[in-house]
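Form predicted alone, single chain, as structure tokens, below.
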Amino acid sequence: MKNLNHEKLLIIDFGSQVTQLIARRLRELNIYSEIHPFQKISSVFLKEMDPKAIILSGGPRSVTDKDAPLPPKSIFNMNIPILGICYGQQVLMHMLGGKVKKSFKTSEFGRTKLRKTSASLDLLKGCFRKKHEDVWMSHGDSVSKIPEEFKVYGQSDNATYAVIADVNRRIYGVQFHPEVHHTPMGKKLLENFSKISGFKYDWTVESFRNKAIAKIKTCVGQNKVICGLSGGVDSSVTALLIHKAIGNKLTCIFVDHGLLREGEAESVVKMFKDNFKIKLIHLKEDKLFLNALKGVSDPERKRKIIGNLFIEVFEKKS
């Protein structure tokens, strides 16, 4: 079996509402990435994960705050490419000797015209098909001074340091959000960053499937597995992966709570029993669930009732 360990790109999350979009854009490029909150990142964590590159996300805070969220300084000793986005760019400047100021005069929210400087940069290769590019800005603070190792490669009317880089150390910062669709050049910029980082683009659905099946085989060994099936996507995919790994050693328990769409329960039974040939126990418990939900209108209470009952029924049958 070929090597199933993939190169990793670490996304350090500082609370941006669009951090997940960074991972989505990378997934479209067949790059494996993981999002982890800044609180979790330590030197030990970085050493164990061993990422090939790091992206610092945006966030709602200000690096001028006393308790501003920051990554460990050890990220700069790893000799890997780093890209800071919006707040992430300001983090880089704050930690590397630049300056960030809070000013409503230089705030930008929404679509902005970005123009590149005369200097060329691999990060922007193929991005500018015209004199200006539309980018999406969302910042109050802005960089007011960059370290001498950095140069400016892109500017907007209110962001003198919209694109900056220390090429020798492969550290890049952009004030705008390349991950959103409002920045048409954004995906190309992230692709360029991945090329600079040397990724092989081998993270695919097939590679995930193979890795998951191999991991399940190792974990289960000669044991048997009982899987709780709700009919939803998550449990269905889980059941299929386990079945691919261990075959008839899997038994699924389908708790039919009566809350699926009309005919869906029958479809689940037919698909798993007849199509996939998986051992399936079908428990028709619609009366139990519907009686428990009588008179309940609060969605959160409904969710908890359904979840707790599902566990009780599943454990009883197990």
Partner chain sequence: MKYLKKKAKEIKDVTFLAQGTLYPDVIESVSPTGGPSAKIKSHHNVGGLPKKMKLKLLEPLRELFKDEVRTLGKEIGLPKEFVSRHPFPGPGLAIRCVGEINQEKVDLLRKVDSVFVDQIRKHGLYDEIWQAFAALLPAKSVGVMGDQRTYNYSCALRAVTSVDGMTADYYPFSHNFLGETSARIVNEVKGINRVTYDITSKPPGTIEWE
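Owing to the predicted nature of the structure, the values given are computational and were not obtained by experimental measurement. Positions refer to the first chain, counted from 1. Rigid core here is just the name for the largest C-alpha set that superposes within 1.5 Å across the two forms.
FYI, the form predicted in complex with the partner chain isn't displayed, but the following is about it.
Peer 1: For the chain shown here without its partner, which stretch in 230-238, 183-191, 76-84, 127-135 has non-hydrogen atoms within 4.5 angstroms of the partner chain in the predicted complex?
Peer 2: Only one stretch passes the 4.5 Å heavy-atom test: 230-238.
Peer 1: Among the candidate residues R209, R170, K99, K102, which is the single one with a non-hydrogen atom no more than 4.5 Å from the partner chain in the predicted complex?
Peer 2: The residue from R209, R170, K99, K102 that makes the contact is R209.
Peer 1: Taking 4.5 angstroms as the cut-off for heavy atoms, does T64 touch the partner chain in the predicted complex?
Peer 2: No, no contact at 4.5 Å.
Peer 1: With a cut-off of 4.5 Å between heavy atoms, is H257 one of the residues that contacts the partner chain in the predicted complex?
Peer 2: Yes, contact at 4.5 Å.
Peer 1: May I ask you to check whether S120 falls inside a 4.5 Å heavy atom distance of the partner chain in the predicted complex?
Peer 2: It does not: once the partner chain is placed as it appears in the predicted complex, S120 has no heavy atom within 4.5 Å of it.
Peer 1: A214 near the partner chain in the predicted complex, any heavy atom under 4.5 Å?
Peer 2: No, A214 is distant from the partner.
Peer 1: So, a 4.5 angstroms cut-off on heavy atom distances: do all three of S43, G140 and Y161 pass it with respect to the partner chain in the predicted complex?
Peer 2: The answer is no: none of the three residues contacts the partner (heavy atom, 4.5 Å cut-off).
Peer 1: I want to check Q17: does it shift between the shown form and the other one by 2 Å or more at the Cα, with the core superposed?
Peer 2: It does not, since the Q17 C-alpha is displaced less than 2 Å between the shown form and the other one after the core fit.
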